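So this first bit is one chain, no partners, the form predicted on its own, shown in structure tokens.
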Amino acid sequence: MLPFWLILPTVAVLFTIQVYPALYTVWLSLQTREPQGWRFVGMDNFRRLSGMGVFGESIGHTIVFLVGYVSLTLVIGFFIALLLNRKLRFSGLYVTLLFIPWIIADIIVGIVFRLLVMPDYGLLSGILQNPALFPPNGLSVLTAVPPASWVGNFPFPPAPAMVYLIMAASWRALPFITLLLLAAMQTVPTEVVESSRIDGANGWQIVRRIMIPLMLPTLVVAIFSLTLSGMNGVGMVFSLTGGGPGSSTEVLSYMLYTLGWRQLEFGRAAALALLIAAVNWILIFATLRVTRVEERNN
């Protein structure tokens, strides 16, 4: 019994902070709150959730946000990693400075980026409100009306606030992804790179034909990691845009916060939490599956 008693404190903590809340969320998703107490409603919360117009809008906003956030972070992170991989002077200092955004909380980053574009006193307000650059009356990032949709009701092109939210979220996630890709680049054998140069390959061919294939498992992990963080993050939306203007930046995670803590619709909020959890599990299993396939191929 000694091993059992040794792991019991850890098991108790995990049950308290993970297992019990998960089971309680499942129970809550099947209930509704009435004056006389909780009442079992089965799958009614899921049906009511799918019937909400804002639910479909939030799915579209989430897709736009994830595609923009993952693409922008991955592309910029890859090129910064390429620069740092060239053994520049003071590269250690650059890596240290690059890591600063990663240690700042989401909600603080959102507040800082919001202050940058506030009318009249924001650091960028003079540029954004210049009619010559943004005709006819300048651009108010946080209140500008979304442009007309190109594809039915799908929110594309996104509102300026969504574009700004993607930029802020990408800035915050950039250090981790850059260091992850830099570590993968440094495992690429220098002999292979030098041999390709002798054979006449240019820089782009080396990156496309050698580095990216050898870094593919790390790239897959980076994509899924960004997708998971973007899917579940709510602090930056809360502090930067508040889901607005209107509902143009209301992603699923912020809708969950709104249902649970503003409207006190705990049953529907629990149902939405389970749907988001299901997507998270699918992404996690897909990551494990892809990485195992790549390991076997290598």
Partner chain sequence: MPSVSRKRWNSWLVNGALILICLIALLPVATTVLISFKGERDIIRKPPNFFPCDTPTRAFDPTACRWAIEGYQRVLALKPADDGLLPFALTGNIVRVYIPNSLLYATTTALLVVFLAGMSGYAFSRYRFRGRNLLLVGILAITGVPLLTNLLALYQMGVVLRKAQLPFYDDRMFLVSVYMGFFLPLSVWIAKGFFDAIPRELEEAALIDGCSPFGSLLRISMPLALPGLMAVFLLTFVNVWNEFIAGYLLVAKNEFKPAMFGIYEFLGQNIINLQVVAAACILIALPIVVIFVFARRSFFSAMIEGAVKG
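Fair warning: this is a prediction, and the values are worked out from it, not measured in the lab. Numbering follows the first chain given and starts at 1. Rigid core: the largest C-alpha set superposing within 1.5 Å between the two forms.
Absent from the display: the form predicted in complex with the partner chain. The rest refers to it.
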Site test, T62, S149 and N202 vs the partner chain in the predicted complex, non-hydrogen atom cutoff 4.5 Å: no
Heavy atom within 4.5 Å of the partner chain in the predicted complex - residue from L98, L226, V163, L72: L98
Residue (of V220, V192, L116, V207) lying close to the partner chain in the predicted complex, criterion heavy atoms within 4.5 Å: L116
Stretch in contact in the predicted complex with the partner chain, which is absent here, among 151 to 159, 131 to 139, 171 to 179, 207 to 215 (heavy atoms within 4.5 Å): 171 to 179
4.5 Å heavy atom contact, G260 to the partner chain in the predicted complex: yes
L288: touches the partner chain in the predicted complex, heavy atom cutoff 4.5 angstroms: yes
4.5 angstroms heavy atom contact with the partner chain in the predicted complex for I80: yes
S253 within 4.5 Å of the partner chain in the predicted complex, heavy atoms: yes
Residues of 20 to 54 having any heavy atom within 4.5 Å of the partner chain in the predicted complex, listed in sequence order: Y20, P21, A22, Y24, T25, L28, W38
A286 C-alpha moves between this form and the one not shown by 2 Å or more, core aligned: yes
